[in-house]
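One chain follows as structure tokens, the form predicted on its own.
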Amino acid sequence: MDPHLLRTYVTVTRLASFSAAARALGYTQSAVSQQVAALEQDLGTPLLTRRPVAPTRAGERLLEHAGPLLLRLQAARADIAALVGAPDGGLTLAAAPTALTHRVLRALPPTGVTLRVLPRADVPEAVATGGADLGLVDGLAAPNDPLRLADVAPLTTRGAGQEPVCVLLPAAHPLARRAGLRLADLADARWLDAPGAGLPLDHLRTATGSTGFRPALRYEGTDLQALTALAAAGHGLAVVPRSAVRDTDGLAAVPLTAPRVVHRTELLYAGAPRGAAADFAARLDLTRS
């Protein structure tokens, strides 16, 4: 299957237009039509309806394969380019907001750093496709257990630290003075759905085997200060690593005592880190000792 044809097909379906796909790809509309037709001939079935432009059942199934296939091709190109190229002297680090712990920030070089704060699900792809030299992802896990990450490309992962987690809630909340909280007891509480700033609710459901943890408010930002302010104002509870707790008026942070889970951070890279990336990885290891 020709990846150029596949990329054209994905663009047409994403934009639902042959003319818009032609403009996006720099082709003529006729060339786009010919490429889609060639792909349909190769697979022996129609992939798109033309009026309106929409994938057929076979086309929808192909789209499920197309994303991972094109991502792997892009990752392969980036991996080879990094292997044969010389390190540029700088460091581009992609990280989820709550992966930027004090240990991580202390290990950053004093100059030459580009920090990309991304949703945690986007970090592996950024590393795989060359958008970042290194990545930091995080999540809930049993102590010393690795995180379960999507298989987007051949990436190496290694532990970069773990710490306890806390539940954020208003200081006036009936549970705010507890010495510790059980997550299962909070399944029916009001929660903040803040996957970019706190630990996602699906992590909490997995940890407890519960279908609860219904969101009262969804926050789509990455600002931890905004998340803590929302919790203090009573818009919902949130779980964050202990080091992410901020002094906020009206906020309480109670340790999570059950289940026995920690906030785990992992370093991701493709190939052996070199230059500034290798130096950062070494400093990160030193701060763990």
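Fair warning: this is a prediction, and the values are worked out from it, not measured in the lab. The first residue of the sequence shown is number 1, and the count goes up from there.
The discussion below concerns the form predicted together with another copy of the chain, not included here.
At a distance threshold of 4.5 angstroms between non-hydrogen atoms, Arg158 is out of contact with another copy of the chain in the predicted bound form. Using a 4.5 Å cutoff between non-hydrogen atoms, His65 counts as a contact of another copy of the chain in the predicted bound form.
Although the partner is absent here, Arg50 is not a contact residue: none of its heavy atoms lies within 4.5 angstroms of another copy of the chain in the predicted bound form. Proximity of Leu183 to another copy of the chain in the predicted bound form: non-hydrogen atoms within 4.5 Å are absent; the residue sits far from the partner.
Only one segment in the set 99 to 107, 114 to 122, 166 to 174, 71 to 79 has any non-hydrogen atom within 4.5 angstroms of another copy of the chain in the predicted bound form, and it is 71 to 79.
Proximity to another copy of the chain in the predicted bound form, defined as a heavy atom within 4.5 Å, singles out one entry of Ala37, Leu43, Ala31, Ala229, which is Leu43. A heavy atom within 4.5 Å of another copy of the chain in the predicted bound form is found for one listed residue only; from Ala58, Ala54, Ala258, Val245, this is Ala58.
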